[in-house]
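So this first bit is one chain, no partners, the form predicted alone, shown in structure tokens.
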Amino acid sequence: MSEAKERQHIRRWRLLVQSGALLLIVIAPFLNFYFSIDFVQGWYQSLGIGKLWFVSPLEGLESILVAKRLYLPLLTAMVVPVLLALFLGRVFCGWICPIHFLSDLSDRFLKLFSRKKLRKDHFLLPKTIIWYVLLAELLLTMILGAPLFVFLSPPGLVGREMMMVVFFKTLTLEGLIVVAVLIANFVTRRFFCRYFCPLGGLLAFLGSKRKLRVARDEESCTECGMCARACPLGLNPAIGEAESNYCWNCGECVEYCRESSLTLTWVQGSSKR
């Protein structure tokens, strides 16, 4: 397989995974409501497939903080998502999250009306904000005694709104959060994902020593800046930022690298923060 085809291969695989993940959440309420098939239940925060349950690490942690006790079934349901983050980093954000998928679709739509393949970010904040948001979210959860992100998670709201449409033929006001997150992308790509998603912050923390990362060949890299302009999170792989916690291994920079200097690869050592 040529390097160009390999880059296209990453793009197609990501689109396939994103589409499959969204389709799973979309068809679940239809199967539950119209056909009484409950093999798939829930959405991204708490998903049941057969007898297996998967719980988002942040929502699980919130539940533990609120209940102030450990619950074995909950811990068991968190194992797979936590292991995924430990070894692969923020792949949920880059490959599964419906917010990123919908943002990808809006990017493709905008390209139809623009000659520029890559948009410029107009409003930038320090990347470290995401750590303060994560800490604040956990502190508020303990103070209020309520799992905030369970109710206000944009990825979770996508599945919840779909359930509301199927079961109750209505939408909720909370769904406007998803709309606001998508509108913010017109100012700065993945604005919410970059700075204000506590789940992304927790997954980034868990994936600090991930085994999958974007590697750069220093000899062939010309530091043209194309990878930095392509990165949805505004990272610059040419100066090593793809090795940081913030990278979510989407492979976008790999696709746009003209010199094929970037690759998604498994590493033996740990990545840098």
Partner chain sequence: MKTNSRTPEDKQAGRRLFIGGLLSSALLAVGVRSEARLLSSPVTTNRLRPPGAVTENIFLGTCIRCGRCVEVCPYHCIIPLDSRHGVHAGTPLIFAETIPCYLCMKCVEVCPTGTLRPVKQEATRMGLAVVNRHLCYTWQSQTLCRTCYNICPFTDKAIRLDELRPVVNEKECTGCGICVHACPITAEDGSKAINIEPLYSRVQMS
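Numbering follows the first chain given and starts at 1. These numbers come from a predicted model, not from an experiment.
Keep in mind that the form predicted together with the partner chain is missing from the display, and what follows is about it.
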Notebook entry, point to check: Since exactly one of Val80, Ala180, Leu110, Ala146 fits, which has a heavy atom within 4.5 Å of the partner chain in the model of the complex?
Noted result: Ala146
Checklist line | Proximity to the partner chain in the model of the complex, single hit among Leu102, Ile96, Val150, Leu86 (heavy atom within 4.5 Å) | finding: Val150
Next item on the list: Although the partner chain is absent from this view, report whether Phe205 comes within 4.5 Å of it in the model of the complex, heavy atoms only.
Entry: no
Note to self: With the partner left out here, check for me: in the model of the complex, does some heavy atom of Glu223 sit within 4.5 Å of the partner chain?
What the structure shows: no
Checklist line | Any non-hydrogen atom of Val66 within 4.5 angstroms of the partner chain in the model of the complex | finding: yes
Next item on the list: May I ask you to check whether Leu235 falls inside a 4.5 Å heavy atom distance of the partner chain in the model of the complex?
Entry: no
Check: Among 102 to 110, 67 to 75, 190 to 198, 125 to 133, which stretch has residues with heavy atoms no more than 4.5 Å from the partner chain in the model of the complex?
Finding: 67 to 75
Check: Quick one: which residues from 162 to 180 get a non-hydrogen atom within 4.5 Å of the partner chain in the model of the complex?
Finding: Met163, Met164, Phe167, Phe168, Leu173, Glu174
